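Given as structure tokens, the chain that follows is alone and in the form predicted on its own.
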């Protein structure tokens, strides 16, 4: 596809596509395979995109792909998807196991225009998607201290405060992660899937493995 070349065109595309986001789960949604996606930067314009597909039950890696590319879209908050989507889609296209869920290292609805990377990936591919971020985009109260505790993540909206995700405690006594819907999944299910993917550590295994591969890719050569 032809990607926007200007900031105005990129914002306009987000505004147009945001209306296509589905924030409910299909009654028969079954998630057997999950893909973690992440991007690392070797330089300002050289990027490595990673897609790692796991068995959702056993958390065994089924396939993983690293793709390098260049980008010339400017580094602007709220528009990171236009730097990262092209290389992520190439990586996703090359895995041999089709994922039932995409887990992006970033935001979904927790975005100024309610259309972060996870939303864009989901709408573009029609695959259910969620964003799992290490840092909050919005306001939240600390959830309880035990695994599975959560609290609403809130941003200003047209009609006052809007819940755009949750701060989720994945392990006892560790910092929460920030989960937001991307596409074709509801927030309760998204949080449940993140907990399933994070049996031992703060970050889900999808994020941990993808992050490891991106760091290896950008530090090599």
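Residue numbers count along the first chain shown, from 1. The structure displayed is predicted, hence computed values, not measured ones.
Keep in mind that the form predicted in complex with the DNA is not shown, yet the notes after this line are about it.
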Q: Determine whether any heavy atom of residue 107 comes within 4.5 Å of a heavy atom of the DNA in the predicted complex, and answer yes or no.
A: yes
Q) Should residue 142 be classed as touching the DNA in the predicted complex when contacts are defined as heavy atoms within 4.5 Å? A) no
Q. Contact between residue 136 and the DNA in the predicted complex at 4.5 Å, heavy atoms?
A. yes
**Q.** residue 148: touches the DNA in the predicted complex, heavy atom cutoff 4.5 angstroms
**A.** no
**Q.** 123, 85, 79, 92 - the one with a heavy atom within 4.5 Å of the DNA in the predicted complex
**A.** 79
Q.
On the criterion of a non-hydrogen atom at 4.5 angstroms or closer, are 41, 116 and 218 all touching the DNA in the predicted complex?
A. yes
Q: Report the stretch among 58-66, 32-40, 165-173, 184-192 that approaches the DNA in the predicted complex to within 4.5 Å, counting heavy atoms only.
A: 32-40
**Q.** Those residues of 158-176 which, in the predicted complex, come within 4.5 Å of the DNA by heavy atom
**A.** none
